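One chain follows as structure tokens, the form predicted alone.
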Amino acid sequence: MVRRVGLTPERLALAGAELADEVGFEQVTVSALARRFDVKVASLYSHVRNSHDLKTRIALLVLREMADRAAAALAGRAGKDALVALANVYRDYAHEHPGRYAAGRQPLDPETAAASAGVRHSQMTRAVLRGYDLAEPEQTHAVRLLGSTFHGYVSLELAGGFSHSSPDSQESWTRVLDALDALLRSWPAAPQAPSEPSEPS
């Protein structure tokens, strides 16, 4: 049971994030929070509109938390050091806060996403990639590669996908980051657009 005094949207979002780590993000609802605070469900609707609104607020909180961690980790780093630091922020956060991490994948509408700390995540990833001298649109391709690799690896790891074979998952993670660094340093040239056939004279 949690003290009910001073309920606010921010406090509900934080309590929802804590609940997500305990029982899973999918289990977080307004009803579940009402039980946590020992209040009637209706009393929470003056602070959040519904469970979707609650989950959106949790997602925004998580994006801020991870962005703050990433900013601190990246300070003074560049190149591979920055790449590894950024990757480890996501992996460490996911292991420490699996429910929160899942909340960070919550789809946001375009307006909410544009005003969220997700923008900072993109900016920091692009700052890392500036150390690899990638111009657009290749930089955007690389942003998507890093995001999908980090999230894919961490999601499989959290699901136990690497628990039953050697080598150790940490060793593979290190080698994955080595491979990403090597790829970014020798990024393939963009394919040339086919030339238009010449008109017969």
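These numbers were taken from a predicted model, which means no experiment stands behind them. Position 1 is the first residue in the sequence shown; the rest follow in order.
Just so you know, the form predicted together with another copy of the chain exists too; it's not on screen, but the next bit is about it.
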{"query": "4.5 Å heavy atom contact with another copy of the chain in the predicted bound form for all of Ser148, Glu171 and Arg175", "finding": "yes"}
{"query": "Another copy of the chain contact at Ala42 in the predicted bound form, heavy atom, 4.5 Å", "finding": "no"}
{"query": "Any non-hydrogen atom of Leu14 within 4.5 angstroms of another copy of the chain in the predicted bound form", "finding": "no"}
{"query": "Contact label in the predicted bound form: Arg130 to another copy of the chain, heavy atom within 4.5 Å", "finding": "no"}
{"query": "In the predicted bound form, Val23 touching another copy of the chain (heavy atom, 4.5 Å)", "finding": "no"}
{"query": "In the predicted bound form, the one of Asn50, Ser31, Ser46, Ser165 near another copy of the chain [non-hydrogen atom within 4.5 angstroms]", "finding": "Ser165"}
{"query": "Residues within stretch 140-159 having a non-hydrogen atom within 4.5 Å of another copy of the chain in the predicted bound form", "finding": "Thr140, His141, Arg144, Leu145, Gly147, Ser148, Thr149, Gly152, Tyr153, Leu156"}
